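Below sits a lone chain in structure tokens, taken as the form predicted alone.
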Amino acid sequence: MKIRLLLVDDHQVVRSGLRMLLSNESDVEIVGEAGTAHDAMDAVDSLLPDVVLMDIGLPDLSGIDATRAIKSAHPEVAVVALTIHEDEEYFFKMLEAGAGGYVPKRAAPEELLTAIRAAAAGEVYLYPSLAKLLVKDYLIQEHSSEAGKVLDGLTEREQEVLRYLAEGVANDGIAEALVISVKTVARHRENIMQKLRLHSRSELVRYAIRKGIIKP
């Protein structure tokens, strides 16, 4: 089954280059393009892609706002940021908006494809140099408080499920590993998200890194 991909960038030449690059991939189908945030949101409503490749610098709204709106209306649609911005402000805001991947435009094509495929599979992909920002953020949190050692009231079983979720394991894989039903895994996942007040897998991964549950 092909990954249905929507390209969002305000530069036609960039979209054309991406189309040329990605059209040759047997597992990727480009279903549409958009040059503004509003066009992107309308396209997601009508096309329901699996993954949106999102630029941050759009002429009407930012890609961050567009991502937040898309994830709110269609939480099943994955968003991967492809942008020139590599600073902390944009990076963390995009993750908080619900992006499941963050790749700079200078990255190699293989990195972009890896991010798209990971996002389509419900996983999180962060470009290595940007993942270091998460490590830095984690270390700051650890030095400023002991909060990283407290798992906010999660039961032992919920901590186990959290670790698997943060590592990108699907519900059926978690169920098999812990010898419980998929329905039970889903219930644990819902409880975890509620207790931690998280709304996306990317937020969950960031939390898990901060708490030392997984290593970046």
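Remember, predicted model here, so these are calculated numbers, not experimental data. In this text, the rigid core denotes the largest set of C-alpha atoms whose superposition between the two forms falls within 1.5 Å. Start at 1 and count along the sequence shown; that's the residue number.
The following text describes the form predicted in complex with the DNA, which does not appear among the structures shown.
Checked against the DNA in the predicted bound form, the residues 47, 69, 170, 177 give one hit for a heavy atom within 4.5 Å, which is 170. Contact annotation: residue 15 falls outside 4.5 Å of the DNA in the predicted bound form, judged by heavy atom distances. Using a 4.5 angstroms threshold between heavy atoms, residue 36 stays clear of the DNA in the predicted bound form. Residue contact check for residue 163: none of its heavy atoms lie within 4.5 Å of the DNA in the predicted bound form. Although the partner is absent here, residue 199 is a contact residue: one of its heavy atoms lies within 4.5 angstroms of the DNA in the predicted bound form. Note that among 28-36, 48-56, 153-161, 61-69, the stretch whose heavy atoms approach the DNA to within 4.5 Å in the predicted bound form is 153-161.
Along 171-187, residues 171, 172, 180, 181, 183, 184, 187 each place a heavy atom within 4.5 Å of the DNA in the predicted bound form. After superposition on the rigid core, displacement of the C-alpha of residue 204 between the shown form and the other one amounts to 2 Å or more. Comparing the forms between the shown form and the other one, the C-alpha position of residue 195 differs by 2 angstroms or more, with the core used for superposition. In the core-superposed comparison between the shown form and the other one, residue 178 has its Cα shifted by at least 2 Å.
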